[in-house]
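Form predicted alone, single chain, as structure tokens, below.
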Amino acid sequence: MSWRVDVRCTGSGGQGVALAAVVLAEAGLAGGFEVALTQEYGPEARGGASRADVVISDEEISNPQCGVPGILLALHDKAWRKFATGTPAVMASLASGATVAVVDRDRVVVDPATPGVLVLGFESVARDELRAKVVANMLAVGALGRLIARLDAELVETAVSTRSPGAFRELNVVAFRRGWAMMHDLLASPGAEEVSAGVAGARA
């Protein structure tokens, strides 16, 4: 059975969703997978909702388009409203269990009744624990890396280090490891593993 995961990273301009997607793509390539990366530019530079899509597969990617993602990261409420609640196909996929959303509780308002959502406090951990709000995206990379079962932690960490500016390299690695642990702990909680089942490991 072939394996493919479509990841959509979304947020607001300046939150580093493009860098998060690049890190995941490079980790996938380093792991021997086929990878496709697409980014949406435009008003995000002025604070609008932005997105970057990563497709990782163990076979040649004939269609690199990520129509309905298997994993949706939302780091800002405007992105959640545009790419989740504002997109009926994504909401239907969440309800069916084909998509899992990872959202930042500090920036995203989620209806508690919305299925398929894993909630973590990326911004608050970045601000209060790591003392640097700018590393929230690397916390998210760690969480997504843990969720995508076939990505090797060491390869993702190497991509984080390689892609980080020198002044932030060490802090970004710390943030990545913290994000990985956050998702690990969340998946061990009641109900969370059920939400992520079938998405993180493999999609036919």
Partner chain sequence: MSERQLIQGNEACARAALAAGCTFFGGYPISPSSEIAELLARELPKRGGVFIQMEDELASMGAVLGASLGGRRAMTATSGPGFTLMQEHLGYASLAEIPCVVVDVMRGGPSTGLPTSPAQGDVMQARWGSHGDRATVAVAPGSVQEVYTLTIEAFRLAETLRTPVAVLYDEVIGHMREGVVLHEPTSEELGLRSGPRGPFSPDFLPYEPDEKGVARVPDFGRGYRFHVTGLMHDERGYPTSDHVKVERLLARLERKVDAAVDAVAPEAYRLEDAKIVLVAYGIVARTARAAVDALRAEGVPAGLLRTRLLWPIPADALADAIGRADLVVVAEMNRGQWAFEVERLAGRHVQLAPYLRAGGSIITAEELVDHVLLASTKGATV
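Predicted, not measured: the structure shown is a model, and the values here were computed from it. Numbering follows the first chain given and starts at 1.
The protein also exists as the form predicted in complex with its partner chain; that form is not presented, and the subsequent description refers to it.
Undergrad: Among Ala49, Ile148, Val173, Val35, which has at least one heavy atom within 4.5 Å of its partner chain in the predicted complex?
TA: None of the other options qualify; the answer is Val35.
Undergrad: On the criterion of a non-hydrogen atom at 4.5 angstroms or closer, are Ile61, Gln65 and Arg163 all touching its partner chain in the predicted complex?
TA: Verified in the predicted complex; spot residues all in contact, yes.
Undergrad: Just checking whether Thr158 would be counted as a contact of its partner chain in the predicted complex - the rule being heavy atoms within 4.5 angstroms.
TA: Close contact is absent here: in the predicted complex, Thr158 is far from its partner chain, nothing within 4.5 Å, heavy atoms only.
Undergrad: With the cut-off set at 4.5 Å between non-hydrogen atoms, does Leu29 touch its partner chain in the predicted complex?
TA: Contact with its partner chain, yes.
Undergrad: Contact with its partner chain in the predicted complex for Ala25, defined as at least one heavy atom pair within 4.5 Å: yes or no?
TA: Yes, contact at 4.5 Å.
Undergrad: Have a look at 53-61, 133-141, 173-181, 148-156 and name the one stretch with heavy atoms inside 4.5 Å of its partner chain in the predicted complex.
TA: Of the options given, it is 53-61.
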